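What follows is one chain in structure tokens, specifically the form predicted on its own.
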């Protein structure tokens, strides 16, 4: 009787329309996504500097994270990711509002201009920032000294340079979901609120932000997760002074040849980032925001 109660719902689930068509992609996701994560999780409990799955499980790698202060780079990465989201939210909101509501026929041209940098390698763009703006002997510093006699400070290998690079690289990932969110705000609703005497601040707070919330949430989560795992920005713009968790993971897997330690760092990043994202989604009640219920 118990077996029948357990097996019947399983077969009923397998008989759902369209499930058979989804089986290939489910298998592909299991092999390409879940499989590597399981291997990384297993490796994180292997003895340090071992390259096989043999041996008794140990938590020594997680102890090393605390003892050798790897958690500092993890905290730094979370701080940079949060700072990137805040800065881009403030910068992108007026631009997104203009693209969605104000620029009209020029919105397509401006969107193309914003998208064009994505066709250039991230490394090339960041080194362009280094040569033009951030390096003390760069183009902008040389021009300022020649024309105005000013000595610009060298901003390279600093927290400021790293944050600027993160904001520059991940700006489209915040901007375009925000544009889609603001596009959901009907002009008639804004005009009705204005006719009833609402100020611009009240319209933004009571109408635009709640209605555009799906785009804001998606853009913020995309930006946060991508910034959290950023590697190139910390290496090119931060050097050895600004070390983020992705740099420690790469070093453990390559130069350190310590796969179990790299796996432990990866699992900590995955668990903490995934838990935080799930907590935010739970607190924000995404179903209510998307008007599903």
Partner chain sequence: MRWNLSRRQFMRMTGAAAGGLAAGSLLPRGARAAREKELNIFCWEGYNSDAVLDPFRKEFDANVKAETQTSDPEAVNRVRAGESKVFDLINLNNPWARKVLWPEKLIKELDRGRFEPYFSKMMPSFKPPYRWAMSDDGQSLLGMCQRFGPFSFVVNTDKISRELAEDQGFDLFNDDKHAGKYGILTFDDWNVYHMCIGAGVHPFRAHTEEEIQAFEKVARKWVKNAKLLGGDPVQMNLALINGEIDFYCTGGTYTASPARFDGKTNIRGITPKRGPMDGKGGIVWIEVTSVINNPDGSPLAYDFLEYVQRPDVAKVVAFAEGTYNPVAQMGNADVQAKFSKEELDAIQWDSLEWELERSYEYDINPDYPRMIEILNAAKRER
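Whichever C-alpha set is largest while still superposing within 1.5 Å between the two forms counts as the rigid core. Because the structure is a prediction, the values reported are computed rather than measured. Positions refer to the first chain, counted from 1.
Keep in mind that the form predicted together with its partner chain is not shown, yet the notes after this line are about it.
Asks: Using heavy atoms and a 4.5 Å limit, would one call residue 134 a contact residue for its partner chain in the model of the complex?
Replies: Residue-level check for residue 134: yes, a contact with its partner chain.
Asks: Could you confirm whether residue 138 comes within 4.5 Å of its partner chain in the model of the complex, counting heavy atoms only?
Replies: Looking in the model of the complex, residue contacts with its partner chain include residue 138, since a heavy atom lies within 4.5 Å.
Asks: Any of the heavy atoms of residue 72 lying within 4.5 Å of its partner chain in the model of the complex?
Replies: Output for residue 72 is yes: heavy atoms within 4.5 Å of its partner chain.
Asks: Is it the case that residue 127, even though its partner is missing from this view, gets within 4.5 Å of its partner chain in the model of the complex, heavy atoms only?
Replies: The answer is yes: residue 127 has a heavy atom within 4.5 Å of its partner chain.
Asks: Need the contact residues for 236-259: heavy atom within 4.5 Å of its partner chain in the model of the complex, sequence order, or none if there are none.
Replies: Those in contact are 236, 239, 240, 241, 243, 248, 251, 253, 254, 255, 256, 257, 259.
Asks: Is the shift of residue 191 between this form and the one not shown large enough to count as movement, that is, does its C-alpha move by 2 Å or more after the core is superposed?
Replies: No: residue 191 shifts by under 2 Å between this form and the one not shown.
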